[in-house]
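In the form predicted alone, a lone chain appears below as structure tokens.
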Amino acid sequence: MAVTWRNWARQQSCTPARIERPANEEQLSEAIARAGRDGLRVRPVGSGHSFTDTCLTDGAIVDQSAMQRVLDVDTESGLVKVEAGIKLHRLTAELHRHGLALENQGDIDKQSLAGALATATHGTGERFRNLSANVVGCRLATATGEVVEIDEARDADAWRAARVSVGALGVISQYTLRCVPAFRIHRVDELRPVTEVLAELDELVAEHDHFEVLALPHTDKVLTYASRRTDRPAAPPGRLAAWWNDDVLSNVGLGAACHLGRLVPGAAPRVARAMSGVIGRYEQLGDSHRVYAHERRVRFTEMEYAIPRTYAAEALQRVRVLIADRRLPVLFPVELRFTAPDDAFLSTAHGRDTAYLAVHHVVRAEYEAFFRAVEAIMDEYDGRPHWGKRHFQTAATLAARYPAWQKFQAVRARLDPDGMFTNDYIARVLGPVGADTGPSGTEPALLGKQHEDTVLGDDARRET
């Protein structure tokens, strides 16, 4: 009987020829070899938290949700070997039991480790890289079912390709991660004027271990998450404060507001101002994995772009103006986060200090016009889209934005020469296996008169 697979947002679905659910590496290898004998293409899936069609196929889906074991923990070196299907919330709880933690995390922990790493998922903090940067090695099942060991010493190019692979090289069965001693975080959430925060943005990012800005549409306010690492004892928020912040504001209230804005678009600005009026200061002090992650019960779709850090404030301001000028019924905050550069070939932070700007829209709302307008702004900053979130790019538009694009393509051609792990999304954003999709190492000039004016200032504007 045909079974339909859907992603978390319920906006992407497919009916594959089969869904394989291996419980270990041997079964994974056999499933891929079987698909190859039957002439089926293969796509791995985790929690379905990608918003693109990256997992869809009419061939074989490999669901790794049964591969969630922690295989080895070396508390002295901090090296931990785990199966690739483990969910982040399970992994971080297991690490904590051993006195360890991930160096950094995003604000959702429901994803599988493999899915988060393959799409360059990240947290925030100018001194910390995205999750995949701490992959020391992995084991990858190729199109024949053969499992190869990959690390920097054995094959440096394959290691830099496999850390952010978008599932285009094979199916990873195991990862070895570099972890850090467990630590606590003191986080303060507070509403502040947008002009004040953007004027002090560099200082705020520098003086906090983790700093995030959530700009509230149709208002002059931003919500800031300011976090510092600490050795102080845990001090969880009171039950009433936690209920108000985590349940009422972040889920029930946000969901109701977004759907009201969808049904009555003209009411969105008034709803936004009303929401900002009930947000108060909120503090947490607890183990890192408990403070990083948020419970997200409002279903949404999302676009996120990585841009050079230096343009963070300017880009956020332009998106705020876009929403206000067009009176768009958008009520999800616009997120701004920061990471250090890394060297994975397809990492969105490859080779540059990075700011991430993300926009969301509630499911069932028309999102494309808004997202395309935001993407046009991000294109002016050489923006790189998050591989698992909405965007409208192709291999032709992306190749020049990644200095190591051709190196990734060479590894892909070597590990998957027949394109077994290709689907419509992979073909669209990476091109056919072995194809020359464009120049590599070229930094396109920043485009647009508006950008030039903003950077050069009033004197330069008068001269032109």
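Numbers for residues come from their place in the sequence shown, where the first is 1. Nothing here was measured: the structure is a model prediction, and the numbers come from that model.
The discussion below concerns the form predicted in complex with a small molecule, not included here.
Within 4.5 Å of any heavy atom of the small molecule in the predicted complex lies no heavy atom of T57. Taking the partner from the other structure, the small molecule in the predicted complex has no heavy atom within 4.5 Å of any heavy atom of G383. For the chain shown alone, R372 is not a contact residue for the small molecule in the predicted complex, no non-hydrogen atom being within 4.5 angstroms. In the predicted complex, the small molecule stays beyond 4.5 Å of every heavy atom belonging to E207.
Only one of the listed residues (L322, I108, A358, V271) places a non-hydrogen atom within 4.5 angstroms of the small molecule in the predicted complex, and that residue is I108. Checked against the small molecule in the predicted complex, the residues W159, Y282, F128, F300 give one hit for a heavy atom within 4.5 Å, which is F300.
With the small molecule left out of view, the stretch that reaches within 4.5 Å of it through heavy atoms in the predicted complex is, among 185-193, 300-308, 95-103, 222-230, 300-308.
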